[in-house]
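For reference, the chain that follows is the form predicted on its own, supplied as structure tokens.
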Amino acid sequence: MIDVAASASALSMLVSSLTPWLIVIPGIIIGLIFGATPGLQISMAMAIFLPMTLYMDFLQAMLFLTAIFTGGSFGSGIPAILMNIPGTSSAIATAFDGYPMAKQGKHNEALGIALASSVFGVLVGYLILFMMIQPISLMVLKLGPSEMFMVILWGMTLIASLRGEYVLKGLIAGLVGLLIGTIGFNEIGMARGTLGSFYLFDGIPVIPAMMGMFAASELFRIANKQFIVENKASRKVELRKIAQGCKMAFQSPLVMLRGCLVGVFVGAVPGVGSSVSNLLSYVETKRRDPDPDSFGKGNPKGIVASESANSTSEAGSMATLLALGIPGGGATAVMLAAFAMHNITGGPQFIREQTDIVYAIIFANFAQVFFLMILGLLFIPLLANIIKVPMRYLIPTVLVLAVMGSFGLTGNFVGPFTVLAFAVIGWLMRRYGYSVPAAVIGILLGAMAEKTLLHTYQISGGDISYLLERPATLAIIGLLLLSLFGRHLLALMRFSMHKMSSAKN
């Protein structure tokens, strides 16, 4: 399964010259900056710097782009923890417990946990990719739209667990988000929910909506505070405590490993990726934890689950790109453009004929782990100083950045209006106890769920027996039912066995 000769050739490529490594460090720094800036996407950073790769050889180009990807995966968690503003959709679950920890003055520990989990996630993800790139590619080929729809449905049905005390409100918020996510034209050219406005034909801009519901609504809610962290002594940025946070991450090895496995296999599904994997990992960790009520209030395991999954998703999406030539998301779509610029086509033939280059990319990402750890520790103290900024300066600055970023994403005033509208919606939801994260998840998955369901209907001709011919779909349905009712069934079985043993006695 592992080509030893190709591995040796890959190592020779990487150690024979320092040139490939000179572009890795700036790549990670670019990823950290773009990831840590709300409204700027990792794929945007990669697209901006893509023309530079034309002057590099193929291996150097891939190392540069994957370095941006690696840095951005961690960088997006920094504003999620410090300001409750996920830098990208892959860091939504990081905010659930990261921001409560920051408000408690544990921002240093939270950032350390996120860094260690991200580093471990990248390392394990590429290790799994190195060992199983061909089996993963074969498995992804067998996943059709019905399997992808069930994976999305699994995530949607687990939304209720994000608001354990208000399950119904969590489901309502998720369904409302799902409906908002389907606004605009669908795959067959039918417009829904546009109210006759051509501005909504392309749907609701997801990133501006997310920025409004998470960031702006939270800023409105805490406008009366002087600082994010009220206690002056707790606002210190200490490298020692960040290092302690790194150690804390490894106190939950099973959570971290589970997040890595979820990240690799969900990240390998085209179009799903880290946006779903971090949420699935989070809700599954919460469901299995003996104290699920502590999640959302500053439980470090929540950060571990999210960050390990979203960082590992990078390796999963790279598996489909290298083995099948199919991008798993926006970032790998930019990498596919780099393939085309160098006249290279990903797929089984590429793996067979260029195995040494494939291994070189994987080995280089092992080394990127150490660069990320060092650069992360250097940059975190600088970025974490935001908690020292008074709210009277922070609120207008963040709102201006959110509005400008949303305008840059949409190219018109739809972005800024979306931020403001969803800020009001988010504020109302917070006030009346509805789950903002559940609504955002629904918006993210709405269009994707409809698309996969429509493709399933077209393939099956509307015959529900088609599902019985898809073992993978049935397996995912089984996992869905088990995750929802497994605990209740186990409790029922224990009660029945206890009753039977009492009757015998």
Partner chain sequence: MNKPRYDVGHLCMLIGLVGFTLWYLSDAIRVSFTVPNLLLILPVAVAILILALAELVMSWRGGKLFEVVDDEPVREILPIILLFAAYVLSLPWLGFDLGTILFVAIFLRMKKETNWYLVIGYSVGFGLAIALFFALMLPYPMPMTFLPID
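The model shown is predicted, which means the values in this text are computed figures rather than measured ones. Positions refer to the first chain, counted from 1.
Another form, the form predicted in complex with its partner chain, is not on view; read the next lines as being about it.
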Fill in the blank from the handout: Given 293-301, 315-323, 175-183, 253-261, the stretch touching its partner chain in the model of the complex at heavy atoms within 4.5 Å is 175-183
Problem - Contact of Thr397 with its partner chain in the model of the complex (heavy atom, 4.5 Å) - result: yes
Exercise for the section: Flag Leu195 as yes or no: does it have a non-hydrogen atom within 4.5 angstroms of any non-hydrogen atom of its partner chain in the model of the complex? Expected result: yes
Exercise for the section: Give a yes or no for Arg431: in the model of the complex, does one of its heavy atoms lie within 4.5 Å of a heavy atom belonging to its partner chain? Expected result: yes
Practice task
Answer with yes or no whether Tyr393 is in contact with its partner chain in the model of the complex, where contact means some heavy atom within 4.5 Å.
Solution key: yes
Exercise for the section: State the residue from Leu129, Val119, Leu409, Leu280 whose non-hydrogen atoms include one within 4.5 Å of its partner chain in the model of the complex. Expected result: Leu409
Completion exercise
In this chain shown alone, the residue from Ile374, Ala340, Leu382, Leu168 with a heavy atom within 4.5 Å of its partner chain in the model of the complex is Leu168
Handout entry: in the model of the complex, residues of 94-121 near its partner chain [heavy atom within 4.5 Å]
Key = none
